[in-house]
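The form predicted alone is given below as one chain in structure tokens.
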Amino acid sequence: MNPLSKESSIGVIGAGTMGAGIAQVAATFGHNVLLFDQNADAIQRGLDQTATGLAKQVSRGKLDELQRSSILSRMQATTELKALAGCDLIIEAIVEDLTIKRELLAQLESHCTASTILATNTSSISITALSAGMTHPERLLGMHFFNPAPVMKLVEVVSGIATDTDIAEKVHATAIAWGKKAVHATSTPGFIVNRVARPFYAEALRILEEGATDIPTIDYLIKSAGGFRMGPFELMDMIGHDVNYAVTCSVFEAYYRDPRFLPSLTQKALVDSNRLGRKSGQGFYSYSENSVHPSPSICEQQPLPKKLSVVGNLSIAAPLLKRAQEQGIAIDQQPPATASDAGYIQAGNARLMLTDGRFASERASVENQPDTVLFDLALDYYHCSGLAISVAGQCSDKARNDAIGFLQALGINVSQVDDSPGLVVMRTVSMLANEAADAVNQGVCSAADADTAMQSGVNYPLGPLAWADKIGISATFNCLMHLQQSYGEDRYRPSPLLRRMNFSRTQFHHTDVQESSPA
């Protein structure tokens, strides 16, 4: 499908940060844009903001002055809604209110021809609900930009039950022509990003509420081991707890109180006390003048144990052995007792294993290995600077220190968390992958679009489904099964798609057979 031509005119309704940003995007790629707002002062502020932002790009060498002037010349203002009648595409970016948006769409239909494409930048309101009562509901769709629109790459193109497929394809192609990463989604609560991202916050909050470790340590591990740009508590503070909590509550209610989306009482307390994050000066962290964020909990230095061996295949954690080799640390290689045994590192007295979603104490008991120490998932074990461990209740202090000493000898900062199933990164990534898999299973989006949305919309280091492929579908599925058994809650139930793929030994992004056997 071809995108809208550059000769096509674009209307944008709402001159706030999002509306002005969307108008700038369209003008940058050659369209004449008409920016509408009832408030003439708001329009001027929007245009001034755009001019200032473009001037900064000129000063940084990303644009020249001629390009800046050309973009601004293509942005015109109006306070008359009927002036948009001739536009080929109109994008509304007004207040998130179903009734107000419906009233606006009714007015637009009275002014525009039936060929005008109408788009809404809503992040949460059903496209199907917005189109109810429209004369031509087939021409309405979502075009969800992320803030700031000129910078963020993702656009979710959201189809309601009546949206014409060709129109959705044309808008998708147009977004790509505007330099965006466009993804298709059906109109379900949260679309892709606001739905799939919920576990990133929810699991961190639960780990905190259970007392497994503290806020700065969770943020540190998510970044240093998980490769995320920001920790969940830092990100919630930046978004604002009023906004983040409201989105969680909205998704929770929209999915008929599915426990996967259960809001947090801890975050509610912050909202109730007006500790909203950066904008209020206090959230999980203090943002007052001269405030210093607390440091993560890092284990004290321990000696490298004398006897080291690797039994079996460490799978995704194998790069730890390369790090050891480069440090001149000799490790004996031994085959597993049986082909199905998980690989592990014998570090002195400690049996050091990748978490599989069980408590370390449970695994130590079941496998009759009291000196069990579990380590967390890392995006890249060769480069990670920090890693969490948990220690079985039966484990000796000597074994604990041996495990810590080995990882520290590789140049890794070790944080011990309480014996918590799935530790920090593994449970978070497994839940993100599970939610993305369920979105694919329910026809909300494709696997490729789920991963694109999370990488381009919220800067994840890897798409959740690509990450599940990397961990291994069976390992991801097993982690979720163990989490569900550990908590006895439906919250951790594996997606039917993940379950099916576990037993068929397939992956999301290719069909090669995995090395590990299904559970």
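We number the residues from 1 along the sequence you see. Note that the structure is predicted; figures quoted are calculated from it, not measured.
Unshown form predicted in complex with a small molecule; subsequent notes refer to it.
Can you pick the stretch from 118 to 126, 314 to 322, 433 to 441, 351 to 359 whose heavy atoms fall within 4.5 Å of the small molecule in the predicted complex?
Only one stretch passes the 4.5 Å heavy-atom test: 118 to 126.
Could you confirm whether residue 36 comes within 4.5 Å of the small molecule in the predicted complex, counting heavy atoms only?
Yes - in the predicted complex, heavy atoms of residue 36 and the small molecule come within 4.5 Å of each other.
So in the predicted complex, does any heavy atom of residue 15 sit within 4.5 Å of the small molecule?
Answer yes; at least one heavy atom of residue 15 falls within 4.5 Å of the small molecule in the predicted complex.
Check whether residue 184 has any heavy atom within 4.5 Å of a heavy atom of the small molecule in the predicted complex, and answer yes or no.
Output for residue 184 is no: heavy atoms all beyond 4.5 Å of the small molecule.
At the 4.5 Å heavy atom threshold, is residue 258 in contact with the small molecule in the predicted complex?
It does not: once the small molecule is placed as it appears in the predicted complex, residue 258 has no heavy atom within 4.5 Å of it.
Report the residue, out of 366, 330, 95, 337, that has at least one non-hydrogen atom within 4.5 angstroms of the small molecule in the predicted complex.
Of the candidates 366, 330, 95, 337, 95 is the one lying within 4.5 Å of the small molecule in the predicted complex.
Have a look at 458, 42, 58, 51 for me and say which one sits with a heavy atom within 4.5 Å of the small molecule in the predicted complex.
The residue from 458, 42, 58, 51 that makes the contact is 42.
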